[in-house]
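Below, in structure tokens: the form predicted alone, a single chain.
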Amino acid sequence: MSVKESLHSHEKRILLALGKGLSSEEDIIAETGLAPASVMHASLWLYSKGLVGVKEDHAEYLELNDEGLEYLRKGLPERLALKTLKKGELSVGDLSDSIGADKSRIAVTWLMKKRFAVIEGGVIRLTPEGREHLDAPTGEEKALEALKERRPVSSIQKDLLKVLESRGKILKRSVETKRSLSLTAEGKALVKSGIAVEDDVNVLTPEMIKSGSWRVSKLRAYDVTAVVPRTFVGKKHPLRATIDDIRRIFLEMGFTEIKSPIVESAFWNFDALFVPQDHPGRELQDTFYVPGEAKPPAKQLVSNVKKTHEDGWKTGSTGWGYEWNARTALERVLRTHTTAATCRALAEAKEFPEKVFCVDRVFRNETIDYKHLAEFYQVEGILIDKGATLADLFGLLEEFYTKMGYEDVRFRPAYFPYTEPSMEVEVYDAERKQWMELGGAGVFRPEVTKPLGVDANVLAWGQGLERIVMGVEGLRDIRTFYRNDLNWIRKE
């Protein structure tokens, strides 16, 4: 569509007025008969099309506000004082009684500043300079009189303006913008080629469609490729949107969502996972501890876990060979992983197969940098079934990550204290052309499952949510999620 075809009738009228040599908005309004808002709107469209140039001149104006108008009508406080002192000297108290306490304080200040009066022994006396102004207006009073109507700032002496503005808020400023238009080379060529002003139909109404009048109407063409202002509608944060996607995927795959407390006991966070009580991960430099003691689990569970740690119990393991401390297991921590939720689910499991997942916040005493946070989200899941195999875990994770948008998924051997065999899950980042580690997975060891009363295979996996989103969004710094950068959030 050509530029001429895209012109609105208002734009055509303005171009023709400019072709006659007019330039100011006032002259164009008078020539075209258009409303000021219509001229401004159409002018901006012509400017965006490169047909006119727009020049703006800004002028600042001054006028009196309500307090300034009151001073103009009744006089400045020092003028009221001068009128009273014209009859003779007065005490400060008498002046206050005569014109009011508030005005008296202001008046005395300005009389002294202008050297119109002196105070001796609590008595106010006029100076010769003050007597000269008993009937003669001051420069400020002349300025107030001049400002009865709005005036350009440039018409007021700078020293008087400074004094007036120092008296408080008695003036108000406003800026008036005057625009002038001119044809560009393209605009001149378009006007020279001839422009016919027709009343185009801009809106196709239901009545026109019913009557068929649209067939004979001149419908205005629209440029659907024209640049328009970007609008930013409400949207979910990328992390929240990904959490919703993950929940949807797991639910579609037949999983049930589970939760657990943020402040967790060391029993569920560590001991139930066969993590020894002297493990470095349980130290203060790795874990946030909370004052107080947790509620102990069922006695049978505690006994099972204790024996497993000490000698392996019925798991076929030799255990860790130390004396397990029940009080240590009751220490309270900010959960370091959502595996604490899956441990609770294992202890409550009644029938198999069962599939559960958890998406929630976890806490680590980490030094924050571009790839580490002290608080982040973790995605955790388990499948409990007597016949579950490692091949089932491969297939389940491949399906999950494919639904998340990753085409290539691979697994490599790894070590985790509570799974055997264990593996790292990696996906291919096509943008960076490299493999990216997203989390760990494996089959829970008997030392984890049997003490909790589960005599079945348990496939487990977990990964950081932020890492998943970093791969999808192509981010390099994990801190981006929590900087509340509106530009990034709008873009994503």
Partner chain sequence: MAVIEVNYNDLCSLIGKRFKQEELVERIDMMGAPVDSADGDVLRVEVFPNRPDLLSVEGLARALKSFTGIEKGLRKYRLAAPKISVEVHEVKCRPFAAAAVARNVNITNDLIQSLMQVQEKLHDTFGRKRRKVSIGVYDMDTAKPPFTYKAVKAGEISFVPLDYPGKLNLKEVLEKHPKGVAFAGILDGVTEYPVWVDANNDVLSFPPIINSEQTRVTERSKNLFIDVTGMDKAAVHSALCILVCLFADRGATIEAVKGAGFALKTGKMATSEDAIKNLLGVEVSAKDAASLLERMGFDAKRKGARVEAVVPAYRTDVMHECDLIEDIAIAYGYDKLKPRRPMFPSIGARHPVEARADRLRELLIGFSFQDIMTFMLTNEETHYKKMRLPEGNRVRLSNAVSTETAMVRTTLLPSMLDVLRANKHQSYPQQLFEVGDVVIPDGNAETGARTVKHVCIVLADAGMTFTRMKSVAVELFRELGKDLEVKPDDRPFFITGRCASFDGGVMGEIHPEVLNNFGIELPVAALELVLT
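If you're wondering where the values come from, they're calculated on a predicted model, not measured in any experiment. Superpose the two forms; the largest set of C-alphas matching within 1.5 Å is the rigid core. Positions refer to the first chain, counted from 1.
The same protein has a further form, the form predicted in complex with the partner chain, not shown here; the description that follows concerns it.
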Item to check | Segment assignment from 95 to 103, 204 to 212, 354 to 362, 219 to 227: heavy atom within 4.5 Å of the partner chain in the model of the complex | outcome: 354 to 362
Checklist entry - Heavy atom to heavy atom, is T338 within 4.5 Å of the partner chain in the model of the complex? => result no
Next on the checklist: Contact with the partner chain in the model of the complex for T389, defined as at least one heavy atom pair within 4.5 Å: yes or no?
Outcome noted: yes
Checklist entry - Does any heavy atom of Y370 come within 4.5 Å of a heavy atom of the partner chain in the model of the complex? => result no
Checklist entry - So in the model of the complex, does G319 come within 4.5 Å of the partner chain, heavy atom to heavy atom? => result yes
Next on the checklist: For the partner chain, considered in the model of the complex: do all three of D57, A59 and K172 come within 4.5 Å of it, counting heavy atoms only?
Outcome noted: no
Checklist entry - Taking the partner chain in the model of the complex as the reference, which of F288, W324, W110, W313 has a non-hydrogen atom within 4.5 Å? => result F288
Checklist entry - Just one of A42, M423, V427, A460 has a heavy atom within 4.5 angstroms of the partner chain in the model of the complex, so which one? => result M423
Item to check | Heavy atom within 4.5 Å of the partner chain in the model of the complex - qualifying residues of 161 to 179 | outcome: none
Checklist entry - Superposing on the rigid core, do we see a C-alpha displacement of 2 Å or more at D66 between the shown form and the other one? => result yes
Checklist entry - Would you say R230 moves its Cα by 2 Å or more between the shown form and the other one, aligning on the core? => result yes
